[in-house]
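Okay, here we've got a single chain as C-alpha cells, the form predicted on its own, with questions on binding and movement later.
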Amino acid sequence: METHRPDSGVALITGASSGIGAVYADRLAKRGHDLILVARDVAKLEALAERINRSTGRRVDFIGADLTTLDGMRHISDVLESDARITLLLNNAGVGATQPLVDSEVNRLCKMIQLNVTALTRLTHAVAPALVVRGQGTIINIASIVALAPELLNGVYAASKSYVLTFSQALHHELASKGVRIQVVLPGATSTEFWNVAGLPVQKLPQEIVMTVDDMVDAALVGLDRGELVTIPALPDAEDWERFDAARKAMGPKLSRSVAAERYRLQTD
C-alpha cells in the first residue's frame, strides 16, 4: 500500500506536556518536524522540550496556555494564523469524565466542552486557511472510541468526541481537494493520566483493554502514513469500520424527503 507522510515544517501540538501529546512530540520530531508544544504546565513543557531537542536536534518551542479560557484559545489561534512555518496541527488537548450526567458537576462538564469542542474548533479554524492557501498541510484530531460507543463513559464526554469525529469527516470533505490532510484518531483505553483526572484510575480497568501510549501513537502514525481519515488503533479488522461507514452513507439519500416514512403516517379507517 502506498504511504503518505506529512510535509516537513513545524507541528503544533496541544496537550503536549504528557501522555499522548508528549509521545506524539517525540515521534514527530524524529520524523523531522520542529515543534511548538502547548499545555498549561510550563515546567513539564520545558523539560520535554529540552529532552526532545537533545535527542533529535529539532527546534522545540513551547507555550503555556489554558485552552479552556478565551485568552488561551486566542493566544494559540494567533500563533497558528501568523506562523507560516506550521504545517501540522495536532488537536490532542482534552479531558474526560466517567460519572453519569446526574452525578456530575455541570461547570466541569461545560469546561470539558470548552476544551474538547470549542478550543479544537477555534484552533482548526485558525490554521486551515493558511494550509489551504499553501495547498498542503495536516490536521490530526484525537477523538475516542466513545464517539462510536456513547454508553461506555460519561455522555457529555462521548458527545464531545462524537463532535470531533463528525467535524473531522466534514473537514475531510471540505479540504481534501485543497491538499489538506485530515486524520481523526479514536483510541480505546490508553495508559495515561487521563483516567485519574476523569475519576477512574487506569489500574482499575481490565488490563486486556488498555493499550500503552507508545503503541497507540505508533499505530496512529501508521494510519496517517496510509492515508486513513479514521484510525482506530485497537480495531483488528478495518472492514468493520468500512462497513459501518458504508451503512451510514447508504442512509444519506433516505434521511430527508418531502413526506414522512410510511411507519409514521396516521392510519385512517
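Sequential numbering from 1, following the sequence displayed. Because the structure is a prediction, the values reported are computed rather than measured.
There is another form of the same protein, the form predicted together with a small molecule; it is not shown, and what comes next is about it.
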Which single stretch, out of 181-189, 99-107, 130-138, 80-88, brings residue heavy atoms within 4.5 Å of the small molecule in the model of the complex? 181-189
Considering non-hydrogen atoms and a 4.5 Å limit, which listed residue (D225, D215, D66, D26) is close to the small molecule in the model of the complex? D66
Within 4.5 Å, heavy atoms only: does R40 come near the small molecule in the model of the complex? yes
Residue contact check: V95 to the small molecule in the model of the complex, 4.5 Å heavy atom: yes
If you check in the model of the complex, is V10 within 4.5 Å of the small molecule, heavy atoms only? no
Just checking whether V156 would be counted as a contact of the small molecule in the model of the complex - the rule being heavy atoms within 4.5 angstroms. no
